[in-house]
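Here we start with a single chain on its own, the form predicted on its own, put down as C-alpha cells.
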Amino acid sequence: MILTFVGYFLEIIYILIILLMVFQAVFNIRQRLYIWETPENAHLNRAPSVYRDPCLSFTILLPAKNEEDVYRETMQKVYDLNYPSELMQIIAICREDDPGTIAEAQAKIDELGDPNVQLLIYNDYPVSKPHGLNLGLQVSRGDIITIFDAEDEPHPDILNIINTTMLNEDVDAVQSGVQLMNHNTRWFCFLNVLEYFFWFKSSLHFFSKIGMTPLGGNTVFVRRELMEQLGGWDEACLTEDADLGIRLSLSHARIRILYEDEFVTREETPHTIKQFIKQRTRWNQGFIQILFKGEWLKLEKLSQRLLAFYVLVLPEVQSLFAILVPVAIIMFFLVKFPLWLALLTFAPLYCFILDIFLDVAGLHEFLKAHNQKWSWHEVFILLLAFFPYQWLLSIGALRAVYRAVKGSTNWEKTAHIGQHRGNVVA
C-alpha cells in the first residue's frame, strides 16, 4: 500500500516536472518567433529612413571598470556619431581605484579637446554600474539620457534614428538593438549570439505588447526628466536595466523597441566560460532581487504580472531543471511507468529538437543580415553545443541562487577584450 502510494506520488511529481519543462520550452519558442508571426509584426522593428533635423540633445553615459584595452576606441566611436557635437554630452564614468581606464579616458579627452566630453571620477560606494550612472545623471544636461558599455560599437546614425523616432512618435523611451557579433570565437558563442538576436529582435516586442518590458543594459534612450522622476537607477540591483524597464512600465511610459540589423550596437560575448558563467550569475541574481523587491506586483494587468513573474523566476526554474535532470535519469532506470507516461517523457525532447531547428534558422538569418558566410561546419558546432550550453545556463542559475541565499551582492564584472572589433586575437 505504501509503495503504491509512493509510486503514484512519484508519477504526479514527474508529470508536473515534464509539463513545466514543456511549458517553459513552448513559451520560449513563442516569444522568439513573435516578430515573424505576421507581416505587420515585421514592421515593428523598422527604423526611420528619413531623418529629421537634429533637435534633441543627448547625454551619453560611458561607465567603465578595468576597460583600458577597449575604452579609448569606444570613446572615439561615440564621439564620431553623425550628430552635432554641441548636442552631445559624453561622460566617461570611472572609479578612483581604476587608474588604467582613467588614464585612457583622460588621454582621449585631451586628444579630442572638446568641453562636451567629460571625465567623472568617483570614490564612494557602492561599487556598481548603476551608482556610476546615477552620478552621471546628476551632471547630465541632455534631453535624452543613454548608455553605451565600454566595448560598444554604436552605429554612426543611431542618434539621428532616436531623434527622429522620439519626435515622430512622441515616446518616452527607446530600446534599440544590441547584438553580439563574434559568433564563432568559442563553442558557446554561437548560442550566446543567437540569444541576443532573438531577444532584441523578437522577444522584447512580445513583452512590449503585454506592457512589461525588461530593458537591455545599453542603447536605451530615456527622457532625462522621466529618469529624474524615477530617481535614476536602483544602485543595489545587479540588473538595473531590467529593473528600470519594469519601473518605466509601472509609470505608463511609452516604450519603443527598434531592431534593424544595420543599426545595432555591436558587442562581444564573454571570452571564457568562467566569464560567461559570472555574467549569467549576475543577471540571474539581479532577477531574483527584482522578484523579491516586489514592485512588479503593482503592474495593473494580470497578464503583465504573470509575464514579469515568469521572467524573474526563470533563474529558479533553470536551477530546478539542473537539479532534476539527474533525478529524472535515475527514475528512468529505477521506476516503471505506464506506457502513456513513458511516451509523455519524450515531450521535452521534442521541444528541444524544435528549439535546435530554430537556432539553426536563426544562425542563417544572423549571418545573412551581417553579410557573413554560411558554414555547415558552424552548424555542426552549434548542434553539438546546444545541450552543454543549457548546462552552462543552469550552472549560472544555480550559482545565482546560491549567492542570493548566501547574501553575496558584490558586482562581478565581465571582462572585455574587443573580440568583435576584428583586431584582437582571442
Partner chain sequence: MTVTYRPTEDQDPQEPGSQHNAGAGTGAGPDDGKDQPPGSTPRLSEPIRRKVVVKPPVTPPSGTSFSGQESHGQNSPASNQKQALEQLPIGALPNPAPLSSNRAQTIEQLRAAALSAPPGLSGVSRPAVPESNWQPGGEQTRRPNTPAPPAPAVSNWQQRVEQAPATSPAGSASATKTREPGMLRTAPGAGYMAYTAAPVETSQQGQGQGQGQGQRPKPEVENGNIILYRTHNFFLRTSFRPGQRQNPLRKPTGQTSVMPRVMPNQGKRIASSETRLMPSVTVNTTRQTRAIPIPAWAEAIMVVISLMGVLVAHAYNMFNFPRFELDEGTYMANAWAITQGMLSPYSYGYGHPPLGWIQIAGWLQLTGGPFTFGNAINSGRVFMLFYAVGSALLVYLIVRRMTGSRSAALLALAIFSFSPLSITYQRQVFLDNIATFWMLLSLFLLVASNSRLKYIVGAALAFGIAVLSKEVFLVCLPAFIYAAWLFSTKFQRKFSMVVFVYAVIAAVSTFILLALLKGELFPYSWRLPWDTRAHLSLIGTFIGQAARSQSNGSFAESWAIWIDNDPFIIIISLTVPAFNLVYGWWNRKHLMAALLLLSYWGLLARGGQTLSFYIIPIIPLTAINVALAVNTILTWLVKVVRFDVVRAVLLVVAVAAVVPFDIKQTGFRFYQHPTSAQEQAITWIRQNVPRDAFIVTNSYPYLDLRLPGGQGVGDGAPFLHAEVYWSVAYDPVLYKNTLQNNWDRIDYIVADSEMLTDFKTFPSKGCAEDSSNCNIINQAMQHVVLRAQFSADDHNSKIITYIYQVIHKNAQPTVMNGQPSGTGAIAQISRGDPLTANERRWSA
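Residue numbers count along the first chain shown, from 1. Treat the numbers as computed from the prediction; the structure is a model and nothing was measured.
The same protein has a further form, the form predicted in complex with its partner chain, not shown here; the description that follows concerns it.
Novice: Report yes if any heavy atom of Leu33 sits within 4.5 Å of a heavy atom of its partner chain in the predicted complex; otherwise report no.
Specialist: Heavy-atom contact with its partner chain at 4.5 Å: present for Leu33.
Novice: Give a yes or no for Tyr389: in the predicted complex, does one of its heavy atoms lie within 4.5 Å of a heavy atom belonging to its partner chain?
Specialist: The answer is no: Tyr389 has no heavy atom within 4.5 Å of its partner chain.
Novice: My question is simply whether Phe346 lines the interface with its partner chain in the predicted complex - judged by any non-hydrogen atom within 4.5 Å.
Specialist: Yes, contact at 4.5 Å.
Novice: Verify the contact flag for Tyr79: yes if a non-hydrogen atom of it lies within 4.5 Å of a non-hydrogen atom of its partner chain in the predicted complex, no if not.
Specialist: Result yes; Tyr79 sits at the interface with its partner chain in the predicted complex.
Novice: 286-294, 299-307, 90-98, 177-185: which one contacts its partner chain in the predicted complex at 4.5 Å, heavy atom to heavy atom?
Specialist: This holds for exactly one stretch, 90-98.
Novice: Of Ile273, Leu137, Ile210, Ala322, which one comes within 4.5 Å of its partner chain in the predicted complex, counting heavy atoms only?
Specialist: None of the other options qualify; the answer is Leu137.
Novice: Please tell me which of Asp172, Glu235, Glu73, Glu195 lies within 4.5 Å of its partner chain in the predicted complex, judged by heavy atoms.
Specialist: Here the answer is residue option Glu235.
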